[in-house]
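You are given structure tokens for the same protein chain in two forms, set apart as structure 1 and structure 2.
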Structure 1
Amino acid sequence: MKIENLSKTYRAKGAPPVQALRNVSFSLPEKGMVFLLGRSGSGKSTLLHILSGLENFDEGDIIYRGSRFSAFSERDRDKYRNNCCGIIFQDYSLITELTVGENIALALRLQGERDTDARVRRALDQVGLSGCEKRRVTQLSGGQKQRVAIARALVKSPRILFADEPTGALDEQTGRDILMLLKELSKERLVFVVSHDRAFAETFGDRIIELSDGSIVSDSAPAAHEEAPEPLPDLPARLPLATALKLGCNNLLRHPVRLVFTFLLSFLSLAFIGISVTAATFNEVDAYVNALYDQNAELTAVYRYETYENGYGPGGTIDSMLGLPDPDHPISITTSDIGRLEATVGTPVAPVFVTDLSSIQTNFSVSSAQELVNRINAAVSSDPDDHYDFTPNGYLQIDEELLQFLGYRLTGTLPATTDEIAIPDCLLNAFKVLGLRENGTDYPISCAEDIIGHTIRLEFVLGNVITGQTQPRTITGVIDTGCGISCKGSHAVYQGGLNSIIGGEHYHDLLFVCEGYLPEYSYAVVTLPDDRPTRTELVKLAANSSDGQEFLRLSNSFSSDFRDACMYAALLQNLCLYLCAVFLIFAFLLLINFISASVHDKLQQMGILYALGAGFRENVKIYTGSALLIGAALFLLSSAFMPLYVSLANAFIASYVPAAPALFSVTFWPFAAVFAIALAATFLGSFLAMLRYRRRAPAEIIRMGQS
């Protein structure tokens, strides 16, 4: 090793610069014991730190086997410390979290060695500490700690041993024993010792160099032969993950109260982030599909609505209060809509025209409305399993495909022209009780065949407007919907705003007509498919149908409450959007601050690892691994409470809309968000905490840890 014009100046903020070394030049042999003497402040430790790669220099250069320190990258310096030199510190600089054997084995494992036990025992034998592998560092005397430090430096067979005041904290006899050991080791390698004891230097040294005020004032043997050029060993440091985790966890557990406090606050922050992401990722389509399943819905009505400009009807909110058209105004559904619905669900769609056909009562063989009521009541009392309907509520367009799909039984034929109709079995039951009056003649009705071919007159009613027109319609068939009194209203579909309930699978209060009977219809009834993808496509069809003036809307027993609940879901989304950002920043800062404090508490340990050859990545691994364990624990705990987060979000909606279906459900995204945030916060916390020390020399980091 050749040192050329080496200079080093320390510059501290607010203090004058101190020049530690001034144009120092000398050469060192490949083996032997060289002492560096000088008073305190003469630059001895600075020179040793520079030669061992622990400190940077300002001017000059060092040539080691043909390699110049000035050309070293950060990685080269790590390889030099890891493979070429061993360092013995005055204060031992052992890692108290590791046993004696683990401290020594660490130097080997940084070189990628796995089978270290035999070499550790051999190193302990060399320093006279056989059998001490399992002992704690804190159980050793000062002389024993120094021997462990020597064994740690020696175990990787370095070409140079640097010893900084190895006897400074020892009694005279122990110090003499240590120097005798180093003298023996110097037969095979260079041992460079910094000391203040001239007597020891003259007794054990092969060469004595003396410094004063940063300059060499004497050198007992200045000549040294040239070293043959040789590249640095390409063995980058590799800190085992198990060792890194052990060190990291011990470091984090150094302040358990602070750890628990940080963990709880971080958990609360992540919990709120989980709620926020649940709200932020709320999807009306998915929520509506889930509600269809939760409510066991089998049918849904589809309406077309007209949206007035600015969301108001022709007369504004006063009209709504008076029961006039709402801002979302239902209009006729089109044949095009029906075609799109059928193409989406893949099954027939039933278009319905809602009206009040009260004039059908004139077709019964009764003299008064009271007689009609009395006969029906008597029939219901005698046979409660049958259902009687004498006021149809509209028309259902039907064909053979829809009939087969619904599974209804037909007596007679389906209507083929607009002059024909088919009636449901519940209306046939009414005719059985009340009789049929046709053109002034009364006919008893006892079965479906008795009424087929007869003509009844319907008074056409649109909304509440009676047209005054009677239209004769020939009955071509009777459709058995299988509906009795016990199922009236079951599987019902609620038509919002029209107060109309139809028997979901039975259409028991509608007249059956052919295609083209009416030019338009009030709504369509869709049988919900069982599979989720098709249901989703149906809901998407309605959700994406708006053209700015009109839109489709699904309407059923819960849709009105669902729409109200969605307004509060939007409110929750907006609220969480801002609070989530606050809690996200809070969680990041909390974890980063905790990890930074943990790193700062263990700066000396970090400096020791650098001195042993560990690079920046290996030091980051210590805190990153343990921090990621915290992040994983936070994720698992938060995930366990995820259903609670979802229930809290649904409870918020239910507090305003009690009858609303549950909108929020446990999905992938809250888990993913909490996982990403927990791990990102802990990883960045450890990385950023370490980054601030990356450009500092190992010796400086050790000094910071000692202060």
Structure 2
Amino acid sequence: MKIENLSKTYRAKGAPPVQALRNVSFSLPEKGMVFLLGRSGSGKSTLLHILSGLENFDEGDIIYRGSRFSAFSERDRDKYRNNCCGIIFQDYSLITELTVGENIALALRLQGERDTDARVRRALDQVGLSGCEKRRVTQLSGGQKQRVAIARALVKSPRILFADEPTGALDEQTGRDILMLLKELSKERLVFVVSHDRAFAETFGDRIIELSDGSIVSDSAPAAHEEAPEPLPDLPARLPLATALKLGCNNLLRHPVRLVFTFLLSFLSLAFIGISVTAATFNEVDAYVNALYDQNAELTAVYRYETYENGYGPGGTIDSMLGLPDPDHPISITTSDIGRLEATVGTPVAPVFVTDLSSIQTNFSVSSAQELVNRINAAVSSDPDDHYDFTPNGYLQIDEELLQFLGYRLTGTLPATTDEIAIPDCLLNAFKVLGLRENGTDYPISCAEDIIGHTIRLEFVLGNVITGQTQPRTITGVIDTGCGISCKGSHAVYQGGLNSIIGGEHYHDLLFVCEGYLPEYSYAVVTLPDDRPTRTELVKLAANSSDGQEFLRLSNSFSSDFRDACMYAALLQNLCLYLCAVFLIFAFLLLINFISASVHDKLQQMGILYALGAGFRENVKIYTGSALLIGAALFLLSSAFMPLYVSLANAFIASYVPAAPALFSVTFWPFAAVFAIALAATFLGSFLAMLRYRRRAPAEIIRMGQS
């Protein structure tokens, strides 16, 4: 090793510059024991730090086996420290979080060594500390620490051993033992010892260089030494992840209260962000499909709506009387709508025509409306299990496939021409009580077969006034919709099949007709397939079908509550948008602050690790690795609570629209957001803090950690 015109001046802020080395030049052999003597403050430690790659210099250069320090990359410097040097610090610089054994093993680990036990034991034997592996560094005396520091330096059999006052804290005898050990080691390597003890130097040294005020004043054996050029050994420092995480976590746990506080606040912020993202990524189509599932809906009605041009409907509606906007109204659904719906769901779609029909008097064997009502009431009170209806609400176009799907039972046949109809069993029940009157003749009816083949005329009513009558329609069949059994005055039977399409309206009493009968369609009954993608397609079709003034709309028992709830979902979205930004910044600052503070707390340790040969990567493993663990823990905890956030968001909506179906469900996006935020904040917090020290010399980082 050749040292050429080396100069170093310390320039500390607010203090006059101190020139620690002045134009120092000499050569060092590859083997032997060289002592550097000088009074305190003469620059010995500075020179040793520069030679071992811990400190920068201002002028001159050092050439080690053909490699110039001035041309070293960051990686070269790390390689040089890790593979060529063993350093015994004047102040020991042990890592207090680790045990004696771990401190020594660390040096080996940094060289990629896995089995360290035997070599650690041998190193401890060499310095007379056998069996002390498990002891804590903080419990050792100064002399013992000194010996651990020596063991750590020699355990990796470095090419050069640098020792800064290795006997300073030792008694005479131990000091002598240590120097004999170093002397022994110097047979195979260069041992460079800084000391102020001239007696020891003269006993053990092969050569003594004396320093005074930063300049060499004497050299017992100056030799112009030529080294054969040789590339630096390429053993990159590799710290096992487990060791790195252990060190890192140790650091984080040093301030448990601050850690818990930061963790909880970040967790709460992330919880809020989770809710916000759930609301922000709310999707009406998905929510509607979920609601269809939750309600076990087998059918849905599809209407075509038209919007009023100015947002207000014509007079006469409740909304217009209240002066409220009345944006839209239902109009006829078209045959092409029916085709599109059928193509989308692949299951039967049936059009319905709603109109007020009545069979009062003309079709029944009664003399007055009053008699009709009295007899039905008497029948209901004697057998409340049966259900009676004599005023059908409209027509349903039905075919074999739909009949099958609805699970209705047919007696007779389905209507095949526009002169034919099938009746629901609740209408048959009315005929059973009242009898049938056809062309002036009365027929008793006791079962479905009795009425099949007879004709009735359907009457249109407005209030109680008959406004028109159809030609006779032949009854071809009776369809049991399930509403005639066990009605028991409750609405239980309405809740299945066709009876439950829209809350408040019952469709159990429609007349059944064939294709081509209906003059127009009020809405379509769509039978829902079981699979989610098809249901989603259907809801999407309705949601995206708007063409200017007209659009399709699904109608189910929950529809109007659903639409109300969506307005509150939009409110929540807006509310969260700004608060979420605040919480996002808060969580970020909190985490970055905590993590970078815990890195700054550990500067001394980071410097020592650099000094031992760890590169930036290993330190990133330690500090960023443990920070990411915090991020991951935050993410996992937040994820575990995600269903709770979602139900909180749903509870918010339910507080305004209690009957609404649950709008929000657990989706991918809040997880992704919380993951990204937790990891980005912890990563940036540690990485940015570490970048600040990347270009600094290890000795400088250690000093910063001490001050």
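Because the structure is predicted, anything quoted here is derived from the model rather than measured. For clarity, a rigid core is taken as the largest C-alpha set superposing within 1.5 Å between two forms. All residue numbers here follow the sequence of structure 1, with the first residue given the number 1.
The second of the two standalone chains is derived from the form predicted in complex with ligand ADP. If you fit the rigid core between structures 1 and 2, you'll see the Cα of residue 284 move by less than 2 angstroms. Once both forms are fitted on their core, a CA shift of 2 Å or more is seen for residue 445 between structures 1 and 2. In the core-superposed comparison between structures 1 and 2, the C-alpha atom of residue 663 has shifted by less than 2 angstroms. Core-based alignment between structures 1 and 2 gives a C-alpha movement of 3.1 Å at residue 205.
On rigid-core superposition between structures 1 and 2, the C-alpha of residue 177 is found to move 4.7 angstrom.
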